[in-house]
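Below sits a lone chain in structure tokens, taken as the form predicted alone.
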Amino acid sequence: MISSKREKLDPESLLELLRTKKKAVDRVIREHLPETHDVPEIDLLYKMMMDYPSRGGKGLRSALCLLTCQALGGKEESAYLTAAAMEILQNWVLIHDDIEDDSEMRRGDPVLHRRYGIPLTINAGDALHVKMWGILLQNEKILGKQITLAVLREFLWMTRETTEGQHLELSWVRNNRWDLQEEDYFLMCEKKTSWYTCTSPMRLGGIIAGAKEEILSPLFSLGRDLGIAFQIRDDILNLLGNEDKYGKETMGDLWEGKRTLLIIRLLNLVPETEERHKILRIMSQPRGQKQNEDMNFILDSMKKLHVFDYGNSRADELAKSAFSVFDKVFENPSNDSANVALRSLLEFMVNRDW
């Protein structure tokens, strides 16, 4: 785990800060999402659009945007619309992602399509996607045309990268590919996770603060490494975490046949034996054909070969690399308290146990 001797917020203070940021962003979301309609069917659509945004969560991405904006000398209020759009993006992506992965749980409750069916749920995700762009266009009143266009371009770039990463992962499952190496996983994570979890939230905050390119450019490598470290921790928590704290189905990655760093490492360590063939046979099966004992067999194999220790060490290496960049970019922050909070949040993200 990454630790730092630098000044940082204690866990409770950081969580309180996150709650405060999220409360402000949630207020903006509620102001911009429709609530009721006289036509019952459309009223249901509005309720479905508010479902995931109402389920809680930490609001990490919006907080990164707000804190980066502050640390680079911008006003938090000027980033509220963009931060709200980041949360909307997170939610419509998750709605579609849960369908594509045939997931069961999201933030402690059944996923949306288990409640309402796939067609209505896809449409609700589409409606949120459209609303995201509508919120971003309203930035023109606050930020002016030039910065608003820069924000829109960043969202387009982020969305393209994220969907390419999702396509990579889905294609591996569709084509039953198991000849993957660590670099394949890192590329997928860079696109699917890093861009919308770290890179673009921080770049958006910088863009709104008026940061120059010499500040914005290093955020590519900073966000890449942090995002991959974040995803590795998430993969570990998916298998070892407490479901009540984690908010998603534990061992869901095994049930869904995900190509994580952990399963890639396991397959690289297990020789051509019956054990390896059994692992591949289990992981290649559709979800409905897998059994609990299959999941436990793979989990035991990972523990036996210290796969989780390896995953944690790789996450630590990536986080260390990222923070070396962070300390150069934010060497002379415009807002010291925001800088401390931002670094504390990033450490929290790569060290979390939820």
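Please read all numbers here as calculations on a predicted model, not as lab measurements. Residue positions are given as counts along the sequence shown, with the first one as 1.
In what follows, reference is made to the form predicted together with another copy of the chain, a form of this protein that is not presented.
Residue contact with another copy of the chain in the model of the complex: residue 41 places a heavy atom within 4.5 Å of it.
Contact check for residue 133: a heavy atom falls within 4.5 Å of another copy of the chain in the model of the complex. In the model of the complex, another copy of the chain lies within 4.5 Å of some heavy atom of residue 174. Interface membership of residue 293, defined by any non-hydrogen atom within 4.5 Å of another copy of the chain in the model of the complex, is ruled out.
The three marked residues, 233, 284 and 314, fail to reach another copy of the chain in the model of the complex, with no heavy atom of any inside 4.5 Å.
Contact with another copy of the chain in the model of the complex, judged by any heavy atom within 4.5 Å, is made by just one of 75, 167, 107, 277: 167.
Of the residues given (37, 30, 320, 306), 37 alone sits with a heavy atom within 4.5 Å of another copy of the chain in the model of the complex.
In plain terms, the part of the chain that comes close to another copy of the chain in the model of the complex, with a heavy atom within 4.5 Å, is 44 to 52 out of 297 to 305, 323 to 331, 61 to 69, 44 to 52. In the model of the complex, 115, 116, 117, 119, 120, 122, 123 are the residues of 108 to 124 with at least one heavy atom within 4.5 Å of another copy of the chain, listed from first to last.
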